[in-house]
Structure formats: C-alpha cells, structure tokens
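Below you'll find only one chain, the form predicted on its own, shown as structure tokens.
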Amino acid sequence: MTSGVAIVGVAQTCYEAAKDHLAYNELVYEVVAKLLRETGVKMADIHSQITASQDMFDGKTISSMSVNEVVGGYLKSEAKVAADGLQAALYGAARILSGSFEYTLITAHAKESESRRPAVTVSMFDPFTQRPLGLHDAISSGLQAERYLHVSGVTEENMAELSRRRHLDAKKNPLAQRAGDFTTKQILESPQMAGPLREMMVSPSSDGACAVLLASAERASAFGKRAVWITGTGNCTDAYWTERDLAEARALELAAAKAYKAAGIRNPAKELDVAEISARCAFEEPMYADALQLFDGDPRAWIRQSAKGEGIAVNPSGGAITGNPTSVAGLTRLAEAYLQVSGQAGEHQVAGARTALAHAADGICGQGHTVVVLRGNSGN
C-alpha cells in the first residue's frame, strides 16, 4: 500500500562540533542546493516550504527568516515549525495531501556551537520554581536516567555497551560527528554529565542541517525506486515532565500506534527492517524501542542483542547519540530511513531494507514524539 505522499530526495551536511565558516543561510544552502541537484527538481516548481529551527539557538526571533530566500520561500507558502524537523515533515505531507501542492521542501538547521546549551534549555522549565534552580536538559535527562535505570534494571554498563555499538556503527557513516571503536571502559570513564550519564552516553553539541523533498503521487511516479512512500504517521504530546512517570514513553506508544495502524503494521519487531530512533542519551534508546514494540521482555537482553548487531537494525547510521543538533535530529532520522529503503545508504546499508521507521522526540524528557513509517517501491 502506498499513500499519496512520497519522499523523493534527501540531503544532509556533515555534522560537526562547530561550523564557524558558515552562516545559517549558507548552512541551509548547502543541503538545498545538493537536494535540487540530485533530484533534478527546479526551485521554481516548489511552492511549499516548511523550515524547522529554534529562535533560542539561532539567537534571533523568527529564525526562519534567516533562511527564507535560500529555501525559495520568497512570495511562496513558507511556514516555520519551532520543533523537531520530523514534525515539519508531517506538516509538509499534510499540505500535499490537501491537493494544494505537488512538492514540499522541508529543512531543519541548528548551530548549537553559537550558544550555550544549558542557558538555552533552561528556558523550557517553569520560570518561577524550576529555572531559579538552574535546571536544564542535561540535568532533567540525568534524573530521567536514574528513574529508568531503577525501574528497568538497565545498568550504566548496559548504556556504555549500547553507546559503544552506536559509535562503532557511525564509523560507516561519513556524515557522523563522533565515531570510533571506543571501549566500554573509555565510555564509563568519560566525564560525568548528570546522574549516571557520562559524556560518551550523550549527544555532543552539534552544528548541521538536513533537507527532505516530499512529492505528490503524480510527481513521485517519475522517480521510480527513488520514491519512498510515507504509509503511516503519528504524533502525541504528553504531560509536563513533573506530571508523568519518566521511566515510560506513553506519548511514543500512542504516536506509534497511530502510525502502525495507518501503515497496516501489526508486529513491528518482525515487519520493520530498520528503525532510526532519536535517542540523544543512551538510556533513551531501549526505553523508546520498548514503546515502539521493537522487543518484548528484558531491555538488558535487547541491549546485548542490539550491541551485537542482531535483530532489527536500529540506528545503523549511529543515531543521534553520535551528534545531531536540536531541531535536526528527527529529520535526520527520516533522511536515514529514506536512504535505507531506497538502497542509497552506502557502507551502512541494511541488506533488503524495504520498510523503515523514523522517530523524533521533543521537549523535556521526551514530552512529545513523532513517528513515520516508510515503504519502498517494488523492485528496491
């Protein structure tokens, strides 16, 4: 089954700790120019643009205006999503399904190097009782990790084992920021971030951009096996972080249920070939994989299996833990899922990948989640 929206091309920058030589518009120009060049689509034919960025990280209000002309938004229907780029992709897909547009260009960008992440993420917290305490996302993630490890039985050694595997996978991805054959000892002895989380268990500060081109069924027909179909989507936002059990990802369970129902998937662990999960911290991956129904049972057993490269392929690109910036990480997961299903993932290609999942997490301790299921054309 195919829906009326397909991905026909993607482009990413290399993800780096700092791209000092590029302004925001130059950063986005790199991926837009590459995308148009590789798809052969002219900017004049794209009348719908959705950008994803964060004013606080860009250091300016209406941060999309920095890239508006680069994405071709001048005198066209351009909109901004102040959230993860995967949500922007859902917005773009809805525009095509409305029948008003044949193409939608989705971009996401961020330069975390030009700000101090704690000073930015403190703004997410309650201004009266929590901000004065100095809370920021690393601290809340540390608290969530403590809770998840207590409930699940997952250990710091398990997190190190999973982190080691993802950084090893990233060696096959030329765009990955932090990659290498690290030992679990190196990971466990890296500087403490918060609670049980060590530096090598958390995504580093990152600069980069990603672009995805969506097309209607009529336009997608010209792309053959390079057209990959969006067959299911889901999005859900949970309560504030102090009003829910941080050891669970209930919003992700609900978002995944919607996406699976639309895509006709009953057993995700057997029907999905690849899952690109937005896990910026090592403990998030088993928690999110559980909510996505990618395993049934002890998460420690799943971590051991996944660390050996067994079972469903999760984050063969290395994943967000190896370095993807805010607002870009989820769109990167979509781009990587697309590359897998279209057979263009290069050295980290999963053999026979036909169905893939892309996931994004947003807000404090994964308050909001987005899930997209992709299927390739016959003959991929």
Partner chain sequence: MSANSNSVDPIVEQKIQIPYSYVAGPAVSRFLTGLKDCVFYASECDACGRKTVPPLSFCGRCWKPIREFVTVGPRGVVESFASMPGGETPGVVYALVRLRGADTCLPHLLDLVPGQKAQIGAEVEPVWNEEREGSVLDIRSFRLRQAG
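Numbering follows the first chain given and starts at 1. In this text the structure is predicted, and so the values were computed from the model without any measurement.
Not on display, but discussed next: the form predicted in complex with the partner chain.
S.K.: Which residue among 305, 242, 216, 293 has a heavy atom within 4.5 angstroms of the partner chain in the predicted bound form?
M.R.: Selected residue: 242.
S.K.: Which one, 153, 99, 127, 174, lies within 4.5 Å of the partner chain in the predicted bound form by heavy atoms?
M.R.: After the contact test, the surviving option is 127.
S.K.: Mark residue 192 yes when one of its heavy atoms lies within 4.5 Å of a heavy atom of the partner chain in the predicted bound form, and no otherwise.
M.R.: Output for residue 192 is yes: heavy atoms within 4.5 Å of the partner chain.
S.K.: Using heavy atoms and a 4.5 Å limit, would one call residue 311 a contact residue for the partner chain in the predicted bound form?
M.R.: Residue 311: no contact with the partner chain in the predicted bound form.
S.K.: How about residue 133: is it within 4.5 Å of the partner chain in the predicted bound form, going by heavy atoms?
M.R.: Result yes; residue 133 sits at the interface with the partner chain in the predicted bound form.
S.K.: If you check in the predicted bound form, is residue 261 within 4.5 Å of the partner chain, heavy atoms only?
M.R.: Heavy-atom contact with the partner chain at 4.5 Å: absent for residue 261.
S.K.: 20, 59 and 143 - do all three of these have some heavy atom no more than 4.5 Å from the partner chain in the predicted bound form?
M.R.: All of them do, each having a heavy atom within 4.5 Å of the partner.
S.K.: Would you point out which of 265 to 273, 134 to 142, 101 to 109, 84 to 92 contains residues with a non-hydrogen atom within 4.5 Å of the partner chain in the predicted bound form?
M.R.: Result for this chain: 134 to 142.
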